[in-house]
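This document starts with one chain, in the form predicted on its own, laid out as structure tokens.
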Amino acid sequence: MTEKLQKTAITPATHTAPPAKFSHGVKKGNILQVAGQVGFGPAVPGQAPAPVGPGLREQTLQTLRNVQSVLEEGGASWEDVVMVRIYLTDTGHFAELNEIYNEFFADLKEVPAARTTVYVGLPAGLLIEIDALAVLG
């Protein structure tokens, strides 16, 4: 009989509690799924989360840092990521997103991961959401 792997919720101290019953990340065995992260700044007790700014650049960089925080809290890094999904609210942001993404990962030895980009509706003020799947080991 195989032993059942434990599932562990991951919530960095820099993140506010999710608005519904889910985790910022979940680790099971050597798999770490990072839930969709947005461009909210670090959590401030007693304050609702808010986007770091109105522009795509600042929101994308903060979103990538938020994904990275969950990866690190779960014992992973961008080197462990095998899939990134990006959700944009405006098709006109695709080229700018690629520039920001390439800059962010410029020092990575390997291409960070497979990637999918889709267009969606997000809550007011949010321009981007990113999730990631990492395989550790």
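Owing to the predicted nature of the structure, the values given are computational and were not obtained by experimental measurement. All residue numbers are counted from 1 along the displayed sequence.
The form predicted together with another copy of the chain is left out here; the points below concern that form.
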Is residue 73 part of the interface with another copy of the chain in the model of the complex - any heavy atom within 4.5 Å? no
Hey, in the model of the complex, does residue 58 get a heavy atom within 4.5 angstroms of another copy of the chain? no
Is there a heavy atom of residue 96 no more than 4.5 Å from a heavy atom of another copy of the chain in the model of the complex? no
I'd like to know whether residue 50 contacts another copy of the chain in the model of the complex, with contact meaning heavy atoms within 4.5 angstroms. no
Heavy atoms within 4.5 Å of another copy of the chain in the model of the complex is the criterion; list the residues of 44-82 that meet it. 78, 79, 80, 81, 82
